[in-house]
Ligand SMILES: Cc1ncc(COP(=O)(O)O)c(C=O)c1O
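Single chain ahead, by itself, as structure tokens, in the form predicted on its own.
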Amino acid sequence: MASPEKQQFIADSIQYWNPGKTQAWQDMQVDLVIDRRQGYFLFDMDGRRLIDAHLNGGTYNIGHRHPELIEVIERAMTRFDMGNHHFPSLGRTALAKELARICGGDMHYTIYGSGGGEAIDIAIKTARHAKQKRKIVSVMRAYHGHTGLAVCAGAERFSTLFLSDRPDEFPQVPFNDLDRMEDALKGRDCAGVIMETIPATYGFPMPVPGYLNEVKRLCERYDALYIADEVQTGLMRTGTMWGYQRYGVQPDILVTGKGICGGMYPIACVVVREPYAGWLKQDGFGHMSTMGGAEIGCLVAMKTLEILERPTMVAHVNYVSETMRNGLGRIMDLYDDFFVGIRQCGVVMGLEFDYPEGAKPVMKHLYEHGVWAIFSTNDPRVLQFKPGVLMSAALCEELLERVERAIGLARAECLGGARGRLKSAA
């Protein structure tokens, strides 16, 4: 039972904050109110410890409140603040130069936003300016943020809610379907294609071999730009700095956010190939963002990138990835009539359950057993499972032990004592 203080806090959240979201969590038997957090642990306001295997979409990729990021902020605040977005600044220029180096090729200019949704808006506006066309192709049931243009490119559920659905300007195609992608592009009236390298909110379906390369080829054939949304799949989560590098693709525009700030100071970045950033020269005031490229945020982002580029990082990500794959494989063997799939690229993972909305009871039992992971909004059969890139061996083992118990209980709740397979609805 939640403490009286917690019950009152939840009641106040329903009354004053977000009644629909707060009540939905109560209905799913998740009464989490996050208090203290450190490393890969969350602490509920009643003192319960949870291993964070959601990481707020990868925001806490290197852990909560990483001590090196705290040190950067403390030092920066003796001299800097958010800054003035109209003028050059040490932090903004230094981070832009660093991103040009890391991205390579002619990925040259960085444009700043305060969050991923705004950065997606910037990417779409940049593509439209470069190609002087309006249409942007996106993937069905994807998610790119809730801001003005980003929400149009995402799942219908969110765009129609605010009368922002624009099917004529934002045609959508199924993921991994090259024929439909070509049909959308062959009219040569599209400015670009925006894609998460691995669609997160859709449950991390993996791109089939060659798919992303063929999408890029179609973009080139039909005069459209390839926009890589790496907000959740970038920053070493696939074992390479950017997920697209794992698949051998070179985008025209890259969007990064969430984990680049380490969860400590909001910042998001759009990196653009030199030929397509013409508006920066035509009218540098064309996009303005008061909080975009906040100077302290730039310094935090540079430290985050430094941590992720350290020589041991690739080996550590591979270790966590392999440990999780092997452990989850053993768990799947135990409950193969319920836990039926592991979608994985590095520590980007989706766990698939053969039961309608099966990830929701798994989430509930994980929560009861001290683990926080979340179902995929646009495919709730799949649990978004996101271990951190710096997790220790001991924490990996503890996490797997808790996951095994939780999945066993969720299976018993959903299937009872029967073993045979229960097919989910299409």
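Just count from 1 along the sequence shown to find any residue number. On a predicted model such as this, the values are computed, not experimentally measured, just so you know.
Keep in mind that the form predicted in complex with the ligand is missing from the display, and what follows is about it.
- Across the options 114-122, 177-185, 337-345, 300-308, residues that bring heavy atoms within 4.5 Å of the ligand in the predicted complex belong to 114-122.
- The closest heavy atom approach of residue 236 to the ligand in the predicted complex falls outside 4.5 Å.
- Although the partner is absent from this view, residue 225 stays clear of the ligand in the predicted complex, with no non-hydrogen atom inside 4.5 angstroms.
- Residue 353 falls outside the set of residues with a heavy atom inside 4.5 Å of the ligand in the predicted complex.
- In the predicted complex, the ligand sits beyond 4.5 Å of every heavy atom of residue 244.
- Interface residue among 192, 203, 293, 145 relative to the ligand in the predicted complex, by the heavy atom within 4.5 Å criterion: 145.
- The contact with the ligand in the predicted complex, taken as any heavy atom within 4.5 Å, belongs to 231 out of 137, 215, 231, 127.
- Counting a residue when any of its non-hydrogen atoms is within 4.5 Å of the ligand in the predicted complex, the one hit in 241-268 is 258.
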